[in-house]
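This document starts with one chain, in the form predicted on its own, laid out as structure tokens.
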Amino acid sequence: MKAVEVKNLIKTYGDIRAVDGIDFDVNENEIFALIGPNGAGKSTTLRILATILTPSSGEAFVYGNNVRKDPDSVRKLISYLPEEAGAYKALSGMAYLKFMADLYTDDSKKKTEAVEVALRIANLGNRIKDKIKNYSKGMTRKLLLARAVMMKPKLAILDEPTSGLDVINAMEIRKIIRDLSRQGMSVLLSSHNMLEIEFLSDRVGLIHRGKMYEIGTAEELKKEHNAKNLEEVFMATAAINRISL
């Protein structure tokens, strides 16, 4: 069974088509990235799959569950980390994780296990006892990612997970995501950083102005367009399809 299936998905806002008839799928245990410039429709697509937005038409499934018809079943299988996510800054990192575990489950054993998972992923050492308001952006993002996957969802939906981070913190986040995939979690993420995603994802979908133009592994796409990297792939695709950048 596919982790994600998207068929002719459309999302409109008045006369604007934020998502314009895209098709793609995500395999189990795969890291699939939607890449493209800001405003391409990446976040809208992720929000539909996270059941936050309702599609205007088309279909989307998460492990066979229709996001429009059965959103409750979808929510039991996923976690979602938006780009603009924040944490309660007055709490310590530890208190925040325990608070979130309380929201996820009433089972005390599952709560303990979830916090232990999050602690390993965040890997903040003694700083986990500090208040979040004293964390760097990188530390906060690692804490938020740990919170997002602490219940071991079948699918993690991550919107720009390394946005605004320095190279070291971005590399740490990428390693965490890769490790999660190796442990059996499917990952769907978005990014405008094509060079970064080239080294992280199993496959990528190149999206711009709501349309999907290319899908494949980085190596496949580079070979097809005789390109050195995914940025060159995007430029070549733009030229072929006469996309206005």
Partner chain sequence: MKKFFILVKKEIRELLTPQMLIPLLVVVLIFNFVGKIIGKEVKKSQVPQPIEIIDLDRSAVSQSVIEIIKKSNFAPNVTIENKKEEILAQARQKKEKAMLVIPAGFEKGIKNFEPQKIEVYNIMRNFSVTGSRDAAILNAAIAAINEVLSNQLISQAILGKDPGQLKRPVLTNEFVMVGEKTANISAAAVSGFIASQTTFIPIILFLIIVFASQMIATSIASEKENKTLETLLSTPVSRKFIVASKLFAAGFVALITAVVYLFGMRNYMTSMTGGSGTNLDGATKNAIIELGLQFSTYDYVLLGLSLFFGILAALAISFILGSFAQDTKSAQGVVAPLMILILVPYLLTMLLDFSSLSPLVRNLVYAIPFSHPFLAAPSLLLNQYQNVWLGIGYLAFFFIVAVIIASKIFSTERIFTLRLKFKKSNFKIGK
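Positions refer to the first chain, counted from 1. For the two forms, the rigid core is made up of the largest set of C-alpha atoms that agree within 1.5 Å on superposition. Values in this document were obtained by computation on a predicted structure and should not be read as measured data.
FYI, the form predicted in complex with its partner chain isn't displayed, but the following is about it.
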Item to check | Site test, L158, R178 and F199 vs its partner chain in the predicted complex, non-hydrogen atom cutoff 4.5 Å | outcome: no
Checklist entry - In terms of non-hydrogen atoms within 4.5 angstroms, which of the given stretches 204 to 212, 22 to 30, 182 to 190, 47 to 55 touches its partner chain in the predicted complex? => result 47 to 55
Checklist outcome for this item: Interface check vs its partner chain in the predicted complex: of R120, K109, K137, K89, the one with a heavy atom inside 4.5 Å is K89
Checklist entry - Is E116 close enough to touch its partner chain in the predicted complex, meaning at least one heavy atom pair within 4.5 Å? => result no
Checklist entry - Is D166 close enough to touch its partner chain in the predicted complex, meaning at least one heavy atom pair within 4.5 Å? => result no
Item to check | Touches its partner chain in the predicted complex: L124 (any heavy atom, 4.5 Å) | outcome: no
Next on the checklist: in the predicted complex, is there a heavy atom of its partner chain that lies within 4.5 Å of any heavy atom of D102, even though the partner is absent here?
Outcome noted: yes
Checklist entry - Is any part of 55 to 76 within 4.5 angstroms of its partner chain in the predicted complex by a non-hydrogen atom, and which residues would that be? => result R75, K76
Next on the checklist: So that I can tell if S79 moves, could you say whether its C-alpha shifts by at least 2 Å between this form and the one not shown after the core superposition?
Outcome noted: no
Checklist entry - Taking the rigid core as reference, does L155 move its C-alpha 2 Å or further between this form and the one not shown? => result no
